[in-house]
Structure formats: C-alpha cells, structure tokens
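Okay, here we've got a single chain as structure tokens, the form predicted on its own, with questions on binding and movement later.
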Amino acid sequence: MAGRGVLIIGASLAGGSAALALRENGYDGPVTLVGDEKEAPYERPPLSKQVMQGERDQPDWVLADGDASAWAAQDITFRSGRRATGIDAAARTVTLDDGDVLGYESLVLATGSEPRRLSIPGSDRAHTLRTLDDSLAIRRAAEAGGRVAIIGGSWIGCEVGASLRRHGCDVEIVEKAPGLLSILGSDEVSARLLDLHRAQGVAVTLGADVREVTADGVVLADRVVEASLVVQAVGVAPRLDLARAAGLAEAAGGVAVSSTLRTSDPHIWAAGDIAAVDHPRYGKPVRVEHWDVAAKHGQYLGKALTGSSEPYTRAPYFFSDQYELGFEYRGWVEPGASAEVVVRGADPAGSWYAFWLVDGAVQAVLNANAWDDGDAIWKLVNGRASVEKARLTDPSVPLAELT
C-alpha cells in the first residue's frame, strides 16, 4: 500500500490546483493525484471555444503544457488513466480500478461532473462535451460536413453552437424551455441571447419536444431536424458515487461541506462541481459547476490542509464567449428564488449589464462586452447593495457610485 499523505481523487482543475497549492503552501508530505483521463489536469473552457473552433488542438494546461513529468518535478505522484472504485473511510483507503489500494491521511474528492443524457430513444447517438477527446470528436464530425443539431440552450449548448457556426457549420439549437439560458430567470437576457444567435444565422427552436435521436437527426413532436451531427447539452450531473460509498452527507445536489470545504468525515474534503459549500456570505449551501469555482476551491484547499481556518468566502464567478460578445457573471441567486432582473444598456450587441435583485438587494450581475467595471461589480455583489432600480438602469451613473 502506498504511503499516506494527501490523496486527491480527480485530476481536474480543482484537483490539480489543490495539489500545486499544497506545495506552494509548504506541505512536504506525500501528495498523490489520481485521474481517469489520460491527460494531465487541464482547464475546460477552451473545449467549447478555441478547440471547438479549430484555433488550437489543446486546452489550457494546469501545469507545464500538459507534460505529466512536470508533476513529478513538484514531488506530486500523478496516476493518469486510473479510476477510483471504492473508499473505505474507516481504514482511510481508496481502491483503484487496477486493484491498487492507496492510503491517505487526508482525502480530497474532486470528481467533477458528467454530462446528462435525455432518456429518449437514440440518446447515445448524440455527442456530449466534457473532455478534450469529446471536443476533438465533435470538431472532426463537424468538419466532415452536414448540419448540426444541438439539444439544449444551456451555456455549453450556446457556446458550442456559436463555435461551430464560426467554424462554418449550419447549426440549429433546440431547447424545451421558452428561452435560451432559462436558468438565468430573465426573459430579457434570454431574448438578447436569442437575437444574438439568430443574427449569426443559427436556427433556434424554443419549446421543443425532443422525442428521438436518429441517424438522420433529431425527431421533435412536430418535425424532424435533419442533422449529421447531434450534440446534447442538457446539463451535467455531479459524480457522487465515491462520496456516497463513503457515507458522506449531501446537500444542494452535491456533497455537503463546511465553510472550509471539509465533509462530514473529518478526513475528507470536497472541491469543485460536487462541493455544496456552507457559504458564510449566503448562509446556505452553495454548489456551482463552473471553472472559477473549481480553480478557487483547489487553491483554497492548499491553505486549509496546511493549517488555515479562514473560511471560503468568494462569491461565484463564470464567463462565456459567444461570437463577438463576452459575458461575465458574478454572484449567486438561490435556485428557485424570486429575483427581479433589471437591465442597463439598450444595445444588445454593445455593452450592457443585467442585475439580479432579491428583496431589493443586488445578488448577481452579468456584464456583456463591458470590461472596466469588475471591481465595482464585485463590490455590488459582495455587499449585496440595495440600489434604486432607476440608478441601476441609468447609463449615466457610474457603477462605482452604486456601492
């Protein structure tokens, strides 16, 4: 059995960042990083953007351009292409799919998520996007010619649609909700995104009742969307098998963790997509499946596992690029909460902002093609400022004066 120390399951952005942060914070014990992909840890945003568009063949690597030997140089044992199959929490061991049993003093679960698939005939015919191999496979299929159908007007669905359109494909997005990105809870923001995609020549069908995926495309209740390439983008599911095998408490659809990312087992921490953080800023479990959260959780654990008791307090953040429009979103609105959304900026193709208000206080802000107000937006979100709607929507009032 391998020596004990910190064992990280999931060679993801969260897991890789945690391993590096341990060394950066002076931890000198054994660190082992286990991942089921053959590649070294990498960042996923380029998969739906630059890689999908054919601008490059590689993602952004967490360390040294994907050279696995660079991890050894950091005195980190990296086990690629290996999957953890079980946890014995009492013995503090993890079993891998090759039969190896690894011991740990502290265990970090950074197992991430996997794409959901619709429960319809032919669902397995469609591509999904999660890994570098997925992105390259979709790109190769698109380069073969033919129309593309994307099931789901999610962030990933919209980004893949935009990237393949820029790559020269005829694209149609089919979405069951009445708007794109309905998860945002704003008809106006959804309408602006719809106009953006249609202006670029993407066909969008809303309220779509998807019945089947066939060799000819996507069967809706009222017609067939002909396509040689079908991509499903209907969300992701956190990978919780190992956490459940360990008997860990759950919350908000993930693993319940404290404000220091510790689970109900004092020797196990969780990070990234699976972690539902008892967030001091919001007073309830917060679980977010985005790049920044994964990176910041990993960086935080380097301190938490080397003695820091400071809580994790960062508000969620994510970004998206679609055509020439870039978005940033800061803050968090509890799913199902009644939020009012007000918008500043009349030109959907220009710079604009959307503000999510709960009980009159700013909970989240989306900025589109507006890059100079990051600090002011963070102050609004972190302070959950109460601001008159007329001032929020008035372009003549600098955002810095709203806090």
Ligand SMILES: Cc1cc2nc3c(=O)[nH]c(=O)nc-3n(C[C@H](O)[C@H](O)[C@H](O)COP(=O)(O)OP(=O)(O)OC[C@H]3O[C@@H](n4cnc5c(N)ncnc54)[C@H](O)[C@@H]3O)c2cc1C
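No experiment lies behind these values; they were computed from the predicted model shown. We number the residues from 1 along the sequence you see.
The same protein also exists as the form predicted together with the ligand; that form is not shown, yet it is the one meant from here on.
K.L.:
Since exactly one of R82, R211, R116, K303 fits, which has a heavy atom within 4.5 Å of the ligand in the model of the complex?
P.N.:
Residue within 4.5 Å of the partner: R82.
K.L.:
Pick from 178-186, 265-273, 245-253, 213-221: which stretch has non-hydrogen atoms within 4.5 Å of the ligand in the model of the complex?
P.N.:
Checking each option against the 4.5 Å cut-off leaves 265-273.
K.L.:
Is D278 part of the interface with the ligand in the model of the complex - any heavy atom within 4.5 Å?
P.N.:
The answer is no: D278 has no heavy atom within 4.5 Å of the ligand.
K.L.:
Hey, in the model of the complex, is R287 touching the ligand, heavy atoms inside 4.5 Å?
P.N.:
Output for R287 is no: heavy atoms all beyond 4.5 Å of the ligand.
K.L.:
Taking the ligand as it sits in the model of the complex, is R239 near enough to touch it, meaning that at least one heavy atom pair lies within 4.5 angstroms?
P.N.:
Contact with the ligand, yes.
K.L.:
Consider F318 of the chain shown here, and say whether it contacts the ligand in the model of the complex, taking contact as heavy atoms within 4.5 Å.
P.N.:
Yes, F318 is a contact residue.
K.L.:
For the stretch 97-115, which residues lie within 4.5 Å of the ligand in the model of the complex by non-hydrogen atom distance?
P.N.:
Those in contact are A110, T111, G112, S113.
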